[in-house]
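Here we start with a single chain on its own, the form predicted alone, put down as structure tokens.
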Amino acid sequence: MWETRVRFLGREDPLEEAVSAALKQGQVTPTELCQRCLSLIKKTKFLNAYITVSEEVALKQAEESEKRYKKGHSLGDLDGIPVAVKDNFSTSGIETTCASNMLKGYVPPYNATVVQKLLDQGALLMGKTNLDEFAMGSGSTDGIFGPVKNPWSYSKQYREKRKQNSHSENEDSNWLITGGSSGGSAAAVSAFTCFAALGSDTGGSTRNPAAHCGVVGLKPSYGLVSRHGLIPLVNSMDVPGILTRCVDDAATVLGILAGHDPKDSTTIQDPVKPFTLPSLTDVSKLCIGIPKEYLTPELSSEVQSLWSRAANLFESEGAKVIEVSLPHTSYSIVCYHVLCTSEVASNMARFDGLEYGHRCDNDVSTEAMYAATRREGFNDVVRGRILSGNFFLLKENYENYFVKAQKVRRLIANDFVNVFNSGVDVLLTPTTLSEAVPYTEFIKEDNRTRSAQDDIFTQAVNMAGLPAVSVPMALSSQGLPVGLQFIGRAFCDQQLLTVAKWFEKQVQFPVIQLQELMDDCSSVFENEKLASVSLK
């Protein structure tokens, strides 16, 4: 359900009407919806959320959608709904760059399976969103198109807190990062420029920016959603992620994307039913696990306090909340680094200047052309990870690093299996160590150090192949979003989302107040007297 809310003078009333229902009833047309989102994309260009805006494509898709609605032949809940796609998913006829010089100007001849599934449902593709180069990073600051700015930097909530704390109003130097690497997708959803966006998640790249931008970020179980057409980073951990403004919407999109794909041998064979979420009223039969190893010294006191409050909320409603142990957690970030860089080194070997992408002018020899192409095409971060990975894969190091890391990965996955076999239904953890930090603060550390810190709560899930979702809980004392993570059993994505939906309803996370954009937002559905567009 693409739910909307009406907002007048700070008052908020849930509306039964879903956007798709409004479309079906002709209260708003797909073209009107598309034009409003395009208008907001232009108005929020300074956020740098989009690399490519596919205006003509989207308007043409809206026109087709309109014809279907007039005939009463809607394709489903997504027909006429604006979506955005991270720029590491192949899109036929639309440039796909991975925010790298290596792929600048590359136009794929085919769509990624997940993109095709969205288009088959009538979704409108608004554009391709910004990211860290080849999705390597946790800030969306390292791509060639520049960093993404967090919409919350310009929110009324954050600005008022800054004034109270007598900070200077120098926005240019104090804007906040979105988190990464799917920061463009998170910012696009947060700033109302689309209703849902695709991200990718290899070690937390969907959940991390979701937490920082106050949206829902879902990493499905590995194998539930096809990776075909997602430009690979770490084949054994990459999963297409979903960013929306509420849990129900994430479930709707997951229902469309999930299922077997003959082009991806790692997808499940069993048919997948739509992910409709029941409204939980009784959580007393639930057992929530709190991993004790996640209480790290680096965790901010504010996030820790909200994590405790969330656990108490479940307990006060009758759920069983227990402390659990994931004993190999301390090894996971190092293990992840070895496996991640090794697979990166292998995957990046395809970018040689011969078949597609950038090619240097050096024609002294094939080897010199390879070297110069890769030096010009990749940034320092990518080159650094390739070097690390190739070191771990050297014949003399292979057993000591790569093979050993694979064994540790199995132990980490078994930790989760043991916890879930002990009767725990869902794990509750922080998503990030703190709220979003200013860009000037973030770049004081190098990418590798930052990623190691920021992936601490998220990467083990990728190594174990489990589903996890970040749900915004509350605003910090700075007026910024803090998200918490729920982790479920493998392929129990529906149960995970059902618990997340209950939690979302209890906490009533406030909607971002972007005054500069409100003029546009308020007229999105002015016929229905709907002031901003927000998916529940």
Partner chain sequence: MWALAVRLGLRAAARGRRGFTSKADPQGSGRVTGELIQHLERLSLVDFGSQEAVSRLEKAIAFADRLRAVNTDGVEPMESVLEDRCLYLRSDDVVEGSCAEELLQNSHRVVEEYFVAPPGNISWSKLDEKQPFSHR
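Just so it is clear, the model here is predicted, and its values are computed rather than measured. Residue numbers count along the first chain shown, from 1.
Omitted here: the form predicted together with its partner chain. The next part is about that form.
Quick check on residue 278: any heavy atom within 4.5 Å of its partner chain in the model of the complex?
No, residue 278 sits far enough from its partner chain in the model of the complex that none of its heavy atoms falls within 4.5 Å.
Hey, in the model of the complex, is residue 359 touching its partner chain, heavy atoms inside 4.5 Å?
Looking in the model of the complex, residue contacts with its partner chain include residue 359, since a heavy atom lies within 4.5 Å.
With a 4.5 Å heavy atom cut-off, would you call residue 315 a contact of its partner chain in the model of the complex?
The answer is yes: residue 315 has a heavy atom within 4.5 Å of its partner chain.
Any chance residue 423 has a heavy atom within 4.5 Å of its partner chain in the model of the complex?
The answer is no: residue 423 has no heavy atom within 4.5 Å of its partner chain.
Choose one stretch from 267-275, 141-149, 76-84, 201-209: the one whose residues place a heavy atom within 4.5 angstroms of its partner chain in the model of the complex.
In the other structure, the partner sits against 267-275.
Counting only non-hydrogen atoms and a 4.5 Å threshold, tell me whether 28, 119 and 418 all contact its partner chain in the model of the complex.
Not one of the three qualifies.
Counting non-hydrogen atoms within 4.5 angstroms of its partner chain in the model of the complex, say which of 346, 325, 174, 366 makes the cut.
Checking each option against its partner chain in the model of the complex, the one that comes within 4.5 Å is 366.
Could you tell me which one of 445, 95, 293, 160 places a heavy atom within 4.5 Å of its partner chain in the model of the complex?
For this set of options, the contacting one is 445.
Can you name the residues of 397-417 that have a heavy atom within 4.5 Å of its partner chain in the model of the complex?
If the 4.5 Å heavy-atom criterion is applied to its partner chain in the model of the complex, 397-417 yields 401, 403, 404, 405, 406, 407, 408, 409, 410, 411, 413.
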